[in-house]
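A single chain, nothing else alongside it, follows as structure tokens in the form predicted alone.
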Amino acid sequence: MSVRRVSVFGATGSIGQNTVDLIARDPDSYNVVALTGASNIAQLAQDAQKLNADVAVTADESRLDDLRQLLKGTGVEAAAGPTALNEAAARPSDWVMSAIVGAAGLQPGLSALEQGATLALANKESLVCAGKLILKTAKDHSARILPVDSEHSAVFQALIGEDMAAVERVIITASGGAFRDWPLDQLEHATLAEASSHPNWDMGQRITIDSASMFNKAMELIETREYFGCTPEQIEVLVHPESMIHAMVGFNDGALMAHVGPPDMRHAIGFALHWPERKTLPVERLDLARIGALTFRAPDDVRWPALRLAREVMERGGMAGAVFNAAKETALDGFIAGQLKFTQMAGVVEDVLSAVDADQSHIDATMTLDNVMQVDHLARKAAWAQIRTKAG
């Protein structure tokens, strides 16, 4: 049995912890090259020691001494900072989990692809901000990208053995998040605690709030277009409160292929980890008779303006996705900090898209990593200006 070299970037987050769980269940099959995290140094050190990783990297340079102390005598190397992250990503691996949250995950993902690794992509921002760059890098280095979002993993699985030319539509589902049934006039009073509670999924705070605002699904719309080459008109969103059907693919003969499974990220992670094989996973087996019924409804663009903005981004093209993501991340920071109301986040994103688009030289520039990061910087600066105006 061959041993695979694997790395997990964003190991201390929700996706990362589920990945660590699956690797730890079969430790003899893996040589863990690198684990990375941010501020949760104790968890990072514990997992690095448990999996006997070659190196553990924290993005927070101020925590390097703490990490070194926790790993003293374990044989695990400690490192810190953006440069160390990129160096870890450049270490030869067969399979790399990209689960760093935000645009910070873009550079390590590119570095992993340049090594020819299979990239299990949970970092939405990579395809939203720089889809063409990511896909070209994978092609140039004979690397493969496997989707880890539950929706895109579901689409990927439904398309196995199928011809994309026969696909008419791709439907990704959304739970609707914490506020799917709230009266519209109450949304502006939604608190951080209320937005941070998801009815179905166990996720980190930021993605849980993005689910409530549907910015998470807006990002996935853009990802679907980039990853599968669909036209924006082919992609649909359907609100499905039970979160059992993760996506459906519609074909030209009228058939719909649906991927059905429990709301457990270990399925999508495990599929990517073991691909092209299927192996037993520690996830719930659904009892459809007990569940009884599955429900669906169309999304409301008034409740969730993020979906409309995503379609505008896809129509605009270029690096509009990088602007969208940076403004979205910054607006979320503003909400978490108490400087924005829940309902003001979409307004910030829309204003920033308009402001940056006014100078087309940025959005229409050649898509290089440097240009993407420059657009990201400009959009964040513009978003903070909008937040200060709304807070003032």
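So that there is no doubt, residue numbering starts at 1 and follows the sequence shown. Just so we're clear, the structure is a prediction, and the values are computed from it rather than from any experiment.
One more form of this protein should be noted, the form predicted together with a small molecule, which is absent from this view; the next part is about it.
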item: Close approach of Lys217 to the small molecule in the predicted bound form, 4.5 Å, heavy atom; value: no
item: The small molecule contact at Ala104 in the predicted bound form, heavy atom, 4.5 Å; value: yes
item: 4.5 Å heavy atom contact, Ile207 to the small molecule in the predicted bound form; value: yes
item: Non-hydrogen atom contact Ala122 with the small molecule in the predicted bound form at 4.5 angstroms; value: yes
item: One stretch from 330 to 338, 65 to 73, 348 to 356, 37 to 45 that, in the predicted bound form, holds residues within 4.5 Å of the small molecule by heavy atom; value: 37 to 45
item: Proximity to the small molecule in the predicted bound form, single hit among Ile134, Ala247, Ile100, Leu221 (heavy atom within 4.5 Å); value: Ile100
item: Contact residue in the predicted bound form, chosen from Leu309, Val170, Ala174, Leu85 - any heavy atom within 4.5 Å of the small molecule; value: Leu85
